[in-house]
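We begin with a single chain expressed as structure tokens, specifically the form predicted on its own.
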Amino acid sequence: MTRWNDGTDATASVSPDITDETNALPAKYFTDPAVHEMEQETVFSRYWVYAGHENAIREPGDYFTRTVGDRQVIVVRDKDRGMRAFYNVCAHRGSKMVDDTPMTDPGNANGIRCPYHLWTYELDGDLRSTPRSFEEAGMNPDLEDEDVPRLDPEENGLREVHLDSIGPLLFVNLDDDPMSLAEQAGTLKEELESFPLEDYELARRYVSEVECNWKTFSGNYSECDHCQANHQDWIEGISLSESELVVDDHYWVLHYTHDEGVEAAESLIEGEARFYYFWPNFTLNMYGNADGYGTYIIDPIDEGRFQLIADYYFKDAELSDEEKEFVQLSRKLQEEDFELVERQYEGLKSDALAQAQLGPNEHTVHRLHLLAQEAYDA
């Protein structure tokens, strides 16, 4: 049942079963600054988080940075064409090394150099060189040059971050001993790798800051009960009554069937739109009526704001007029959702509601809330 805030703070844990009486995450978990701080460790430092697309860094030395919470990593293609990720922190005295470098404007270097004291690292993270002032003790009267120890390249190298991939999609994990990406992704990994995602190029990126908690938008993305009332342009030609929501351990899929299939033989999924949500904050969107796909990164800024990074991939980065029109329709859908979730968040912030009740077709939202609570309780 719905629990209004009557001053007793009487809320219950998210129920393990959607059919239980109370099954939503208590409202305070969307508005409390302490929960935002807790999530940096219990959620974003523990689970696999999307970093970017492999196509952005094709050549050895290509790199981009990705910020997860208050931690930034460098994702780089090494000399053997493998992918690596390192904290953007110098092993000398902790300086940030490279400037913010988005995936849409990657850099290239034959090594990673810290501008503070010019310690330089190989693309595999090993220390390559230091300036002469670190090899001689000329300014220290208590030492002779021969007493200065030589630095071991590996022991004084960069701190590596776990990195793995699903097809061309790169994920990082900040935990020291994380579960494998394959374990977290389950059957999602095999399913997505059956599609030629690597054959598509990034064509558009939109970055938006929205005034609500990241889980509010995630919940809205995970159901379409609100579509009939709020997305008339998008649902035109879609049979909502034939839609299907499938829930797995750490991901869920919303299947939508178009009334008429597309004719393009190259289409990823002809006639069926699929919207994948991968815990905690990544989505992959296959549209069914367009030969391309999109991704969302839902990054929390604080308890009441998040940043949505929406990327669109097509066979050619130069869009046709039809593809431009499609992207604009998708953008319109996002803006409609922004208005909805900010309106919802105004209500949550009023402190009137202590705990909500989910509907029978919001089992995807229930899974989102349950994963959040399991992370908090771990």
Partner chain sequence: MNQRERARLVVTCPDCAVRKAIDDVNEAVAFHRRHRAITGHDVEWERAELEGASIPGEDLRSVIAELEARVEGGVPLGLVTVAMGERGMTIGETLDAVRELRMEGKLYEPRDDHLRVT
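Here the structure is a predicted model, which is why all the values come from computation and not from measurement. Numbering follows the first chain given and starts at 1.
Keep in mind the form predicted in complex with the partner chain is missing from the figure; the text below concerns it.
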4.5 Å heavy atom contact, E209 and the partner chain in the predicted complex: yes
Spell out, yes or no, whether the shortest heavy atom distance between D100 and the partner chain in the predicted complex is within 4.5 Å. yes
With a cut-off of 4.5 Å between heavy atoms, is L348 one of the residues that contacts the partner chain in the predicted complex? no
Would R331 count as touching the partner chain in the predicted complex under a 4.5 Å heavy atom rule? yes
Have a look at N289, T104, N220, T120 for me and say which one sits with a heavy atom within 4.5 Å of the partner chain in the predicted complex. T104
Just give me the single entry in R81, R159, R205, H226 that has a non-hydrogen atom within 4.5 angstroms of the partner chain in the predicted complex. R205
Going by heavy atoms within 4.5 Å, which of 349 to 357, 46 to 54, 307 to 315, 23 to 31 lines up against the partner chain in the predicted complex? 307 to 315
